[in-house]
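One chain comes next, on its own, written out as structure tokens in the form predicted alone.
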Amino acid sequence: MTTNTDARDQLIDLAADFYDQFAAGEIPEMELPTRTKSNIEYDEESGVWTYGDRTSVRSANSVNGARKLLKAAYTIEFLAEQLDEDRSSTLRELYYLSESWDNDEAQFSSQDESNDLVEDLEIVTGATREDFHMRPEESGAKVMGPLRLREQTNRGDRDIHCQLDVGQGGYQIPNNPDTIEFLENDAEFVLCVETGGMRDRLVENGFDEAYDALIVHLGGQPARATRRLTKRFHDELDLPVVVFTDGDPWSYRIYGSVAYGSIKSAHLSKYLATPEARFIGIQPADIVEYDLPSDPLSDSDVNALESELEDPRFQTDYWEEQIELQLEVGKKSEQQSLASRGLDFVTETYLPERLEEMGVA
């Protein structure tokens, strides 16, 4: 794990690089990978999608470029001081803090701008925002299952069993899951679940106890902390990971972000993605086989599915077959549509059968 000193040194080295360019009579610049779908490529060694060789340059040879580098310099100074003091702040707080800076040109015009700059600093330093002690607003993602862990907090270490020491809500994933130490694990696999309603159904039905499952609530598009902890479950506890979402193109992208990473955070794919993760459903084939309640695909759904056929993360025989079937039947279904066959169908029939088919349980 990167220490405060390591992260601070990486930031100061970047600031020193700006200074050295000035001192040499050069126009300061910062080179970054181009963040587009056409610039991601498959990394054979890690099994995830990362940025390719195409780059763009933040340069002070224009007013706009100079302003971006000025904001970077002020942000570096703030983050270095924060690490010196062993404090933390939210991405939202950084945006508002900039209003107190003594140069109006250094202030952010929106939170998206400050968020993007923090990502830029991650890329050029090789550190993560968690290393900078920056955190997003709370994602609310939870874990429920037979695992005892130790979490480092600013009030001391806490030992927690993710079934026995929590209510039905489960254990809340901290912003930086690398502060967690796994003490004792009795889980057989990890089940990542998109929606809160389905997560609650599984817990109420006792699925985590009956199948020794670690149920991870993704909460829609999963936060980085959720993806990082899921990867640690797989890599350190040697647990298979399966992802359970709605049966629509937007939910398939949720699976894709867990398994292969997202385009926006492709620089962190090796840190966040779990390429061994497998998709359990809702499959388009399930919509047909179980005659699930469904809605017709909208034009945007169709466009998204066709786009996924061109997305390198989905260019496998399995995904091409499923997406083409969905385009043919023209339907999408939610996870909770399984309740049309009874509240216990998902835990007594659907998931056990799919897990057996996949050789997971």
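Since the model is a prediction, treat every value here as computed from it, not as a measurement. One-based numbering along the sequence shown.
FYI, the form predicted together with another copy of the chain isn't displayed, but the following is about it.
Contact annotation for the candidate site: Leu69, Lys264 and Ser298 all lie away from another copy of the chain in the model of the complex (no heavy atom within 4.5 Å). The contact residue chosen from Gln283, Ser88, Gln221, Asn115 relative to another copy of the chain in the model of the complex is Ser88, the criterion being a non-hydrogen atom within 4.5 angstroms. Proximity to another copy of the chain in the model of the complex, defined as a heavy atom within 4.5 Å, holds among Val203, Val242, Ile287, Leu268 only for Val203. The stretch among 118 to 126, 271 to 279, 229 to 237, 151 to 159 whose residues place heavy atoms within 4.5 Å of another copy of the chain in the model of the complex is 151 to 159.
Though the partner is left out of this view, Leu183 does not reach within 4.5 Å of another copy of the chain in the model of the complex, counting heavy atoms only.
Another copy of the chain is not shown here, but in the model of the complex it comes within 4.5 Å of a heavy atom of Ser337. Residue contact with another copy of the chain in the model of the complex: Asp248 places no heavy atom within 4.5 Å of it. At the 4.5 Å threshold, heavy atoms of Arg92 reach another copy of the chain in the model of the complex.
Of all the residues from 148 to 181, those having a non-hydrogen atom no more than 4.5 Å from another copy of the chain in the model of the complex are Glu151, Thr153, Asn154, Arg155, Arg158, Ile160, Gln163, Leu164, Asp165, Val166, Gly167, Gln168, Gly169, Gly170, Gln172, Pro174, Asn175.
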